[in-house]
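As structure tokens, the next two blocks hold two forms of the same chain, structure 1 and structure 2.
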Structure 1
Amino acid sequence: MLSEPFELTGKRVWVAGHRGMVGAALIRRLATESCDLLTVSRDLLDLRDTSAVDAWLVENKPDAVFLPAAKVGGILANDTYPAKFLYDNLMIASNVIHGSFKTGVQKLLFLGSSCIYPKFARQPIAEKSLLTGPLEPTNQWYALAKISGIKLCQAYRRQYGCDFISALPTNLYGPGDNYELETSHVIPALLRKIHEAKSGDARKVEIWGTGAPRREFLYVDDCADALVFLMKHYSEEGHINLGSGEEVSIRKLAQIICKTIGFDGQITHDLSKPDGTPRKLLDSSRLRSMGWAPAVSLSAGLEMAYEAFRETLRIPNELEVSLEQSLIDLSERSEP
């Protein structure tokens, strides 16, 4: 914890990965902080390029850095491109963290992921569970790179006294999400699938597995608010969990989305598809004890997420990207 807040007013604040879902939410949130926002597109700065990152940091001199930039994708993408997931994410983390150290950045917040915890971690998952068991094999490459980023922040704090911290959010959703059925996560996939069922006057919609697994979700603007809160009030070596504390079964989630969209057909189950882990819930008690809590309920968040999805339908060809291109891009929403 900090005895006095790290003030953002008047600071030069770089959001690395501002075009991604979390990065864009951070831009929205930081607009209220009276800070000087710094952004740079991937076309102008490749975060995997060490010399380019160093030069950009020297020229722009940020006081604070948020680092949500990452190469991300679903199970298929992780399995297809393991080297790309590991290398790209290692280089992004290493370059921005080491470059921030060299240029005297006052504070840095690295964004991890709940997928870095062991596959069979005790529920709810506490921060101390990290590295206590084997990872989920299908996303181990991404997870290893994220673990390395967290450990880099800890190492630079321990050796050089850098005020570098890490946060691990739960499953996020909201504006800027990826709606490709083959590569998206459960909420955007269900939003698209159920919307298309209603639009096509279908009488049923199919979901994977039994629908029994329970998951936790956090609206992305709540995530951004928590990250700003942590930048101001948190300064410790250990990473900190960032969750909503609200669990829901996949079947119940589908029912809520059906109600949100106005689809009154039947929900059926493809039992040939796996359920995955029965439960995945973060223990976010440390963050709650600091005084932060989410403001957006799941039902309210899903209404806003659906409206954001409908906005994408007004953009020509937004949903016509091929699977091949999606895998190559690995979701433009989260690229640096």
Structure 2
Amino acid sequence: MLSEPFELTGKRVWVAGHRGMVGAALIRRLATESCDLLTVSRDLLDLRDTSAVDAWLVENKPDAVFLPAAKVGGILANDTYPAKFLYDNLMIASNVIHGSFKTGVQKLLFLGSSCIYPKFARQPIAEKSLLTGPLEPTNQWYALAKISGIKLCQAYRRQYGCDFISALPTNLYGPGDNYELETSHVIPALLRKIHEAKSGDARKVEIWGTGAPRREFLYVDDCADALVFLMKHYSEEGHINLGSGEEVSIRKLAQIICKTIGFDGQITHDLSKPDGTPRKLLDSSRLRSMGWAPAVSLSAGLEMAYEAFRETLRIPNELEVSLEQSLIDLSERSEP
């Protein structure tokens, strides 16, 4: 399984989507790799724009590409915006993978997701389960775009000999997460809801669905470390699972987060919201056999994720800063 190491030292390495949760974790992890990090913000390069991506690749000539960039969201966002999730993710994958081929990128790592496996795949889910059954309806759009990205990498390896690989992480969480309750994933949503319940002296907090589904979670800095490990040591056509092996029911997760935050109120259920896939535990034995294992447990990760959430509450946004500054200017001007 271990391939000849692909050295990153001295290479030009593009992290496409560097501002996202995974992209930012990759920037943190790659800081110790002595490579030239390339990044470009969304307002300067729309990855859905084919000619713009081609032009950027020709001008910047990366040797290696990490591709975590995607339109992502939790179960409700996926179910609510099917066209955005399918079109945006198809375009991002097609443009960056085809553009990397045209400009001779030496190695590319495409990021899939555990939600692309069949809804009722045998658990734990092995890589060979892909496309063996119907998808979970709430995120079939995102899943089809991600499956297409994986297939593109396999096709370019088979037809042109491109060293393009795909990794499928389980549900991720950590610094840089999205805390917007309508579009976020479960952990950032519960961190925010339970924090606000405690701060507001509420006696209960509401979670979506029955709480019965089980999810596996991986701390995002562990994910970034695994992605760098795979970029260096994995070079095969098949996609590879990237899980922690630690799964929990949503109800148990809510109880753990209540304990982490120190909230002892009641957990209630909004049964109008979907449960989604009953389980998504990955079989990550191929990655384990290569010698990689996660370092952060769920309880330790939740402590750090809660601290990262509290940090977002301490950082005033630009508007508050400029408003405060203009009030200071006004008061200084009005002084005799």
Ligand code: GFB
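Source: prediction; values computed, not measured. In this text, the rigid core denotes the largest set of C-alpha atoms whose superposition between the two forms falls within 1.5 Å. Each residue is numbered by where it sits in the sequence of structure 1, with counting from 1.
Each of the two structures shows the same chain on its own, and it is structure 1 that derives from the form predicted alone. Relative to the superposed rigid core, Gly238 undergoes a CA displacement smaller than 2 Å between structures 1 and 2.
Remark: with the core as the superposition reference, the CA shift of Gly74 between structures 1 and 2 reaches 2 Å or more. Comparing the forms between structures 1 and 2 on their rigid core, the Cα displacement of Pro213 reaches 2 Å or more.
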